[in-house]
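Presented below, as structure tokens, is a lone chain in the form predicted alone.
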Amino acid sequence: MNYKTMPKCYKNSSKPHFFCPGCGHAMILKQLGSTIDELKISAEVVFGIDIGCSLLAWDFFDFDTIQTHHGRVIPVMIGVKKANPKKVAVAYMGDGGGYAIGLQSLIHAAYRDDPVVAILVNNTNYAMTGGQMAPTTFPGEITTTSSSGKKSSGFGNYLDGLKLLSSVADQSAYLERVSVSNPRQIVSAFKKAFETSDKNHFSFIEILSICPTNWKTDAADSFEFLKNMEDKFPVQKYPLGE
């Protein structure tokens, strides 16, 4: 790691992160910090983090950070934005916090076109608590609560949250799904999200990410699993074709 080139907004460029080896969160947060530095908006950013692996970013950056209860990061950041419209409110969560316990808040934020930047990391499991089955878990996928593989009967197929949000979001909102397999695309999505928020519209980015610890995969197998995710959760923008 070249500390000299790390984003200035990191509180301490020599402090290691606490994510598992190979975790996609570290890659995503590096791109987020770099983008915020490039846009020179760190003084305006308020960073909200959900319970789950995302909470390990609680002291990652040198800007105001709020840790919320599980699934509540969206309404808290909406409150921040309403209290101080000049702030850039960023809500960072996992697929459990956004697509399970926090889904109601996420849907209504999209429906109301609340001017927050919502970032959801999808690794198909509840990673912080041991790799349990999540709404995004595939049929047949083995987790700690589906040891013989997830069964669609009784548990559903797998939730395409981006498609769901697109059905209620305002036409001025920005929604996109990207993957850690393409860091440049992540940066591009972040820039578009901040631009949309600055125009007082809702932004949502789902990022497909790897979880070697709970997937029990090495580097090669992790990205093979990610490729399978990209087949099921296509990297795309809404409305389709834009």
Partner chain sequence: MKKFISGNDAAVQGALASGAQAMYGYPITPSTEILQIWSEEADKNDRLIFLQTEDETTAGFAVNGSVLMGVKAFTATSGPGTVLMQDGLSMAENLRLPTVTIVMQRGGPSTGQVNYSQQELNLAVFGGNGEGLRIVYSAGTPQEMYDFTLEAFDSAWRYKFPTLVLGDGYIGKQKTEVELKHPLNPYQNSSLLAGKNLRNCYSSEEQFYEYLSKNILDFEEKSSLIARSESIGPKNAPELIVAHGSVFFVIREALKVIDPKSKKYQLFRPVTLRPFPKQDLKVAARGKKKIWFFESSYGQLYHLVSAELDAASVSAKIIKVFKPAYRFLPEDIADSLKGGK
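Numbering follows the first chain given and starts at 1. Quantities reported herein were computed from a predicted structural model and do not represent experimental measurements.
One more form of this protein exists, namely the form predicted together with the partner chain; it is left out here, but the text below deals with it.
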- Single option in Lys30, His70, His201, Lys192 placed near the partner chain in the model of the complex, where near means a heavy atom within 4.5 Å: His70
- Item | Residue among Ile210, Ile51, Val46, Leu175 with a heavy atom within 4.5 Å of the partner chain in the model of the complex | Ile51
- Among 164-172, 109-117, 75-83, 142-150, the stretch whose residues bring a heavy atom within 4.5 Å of the partner chain in the model of the complex is 142-150
- Message: Does any part of Leu159 reach within 4.5 Å of the partner chain in the model of the complex? Heavy atoms only, please.
- Response: no
- Message: Against the partner chain in the model of the complex, would Phe138 count as a contact residue? Criterion: heavy atoms within 4.5 Å.
- Response: no
- Residues within 4.5 Å of the partner chain in the model of the complex, restricted to 93-112 and counted by heavy atom: Gly96, Ala100, Ile101
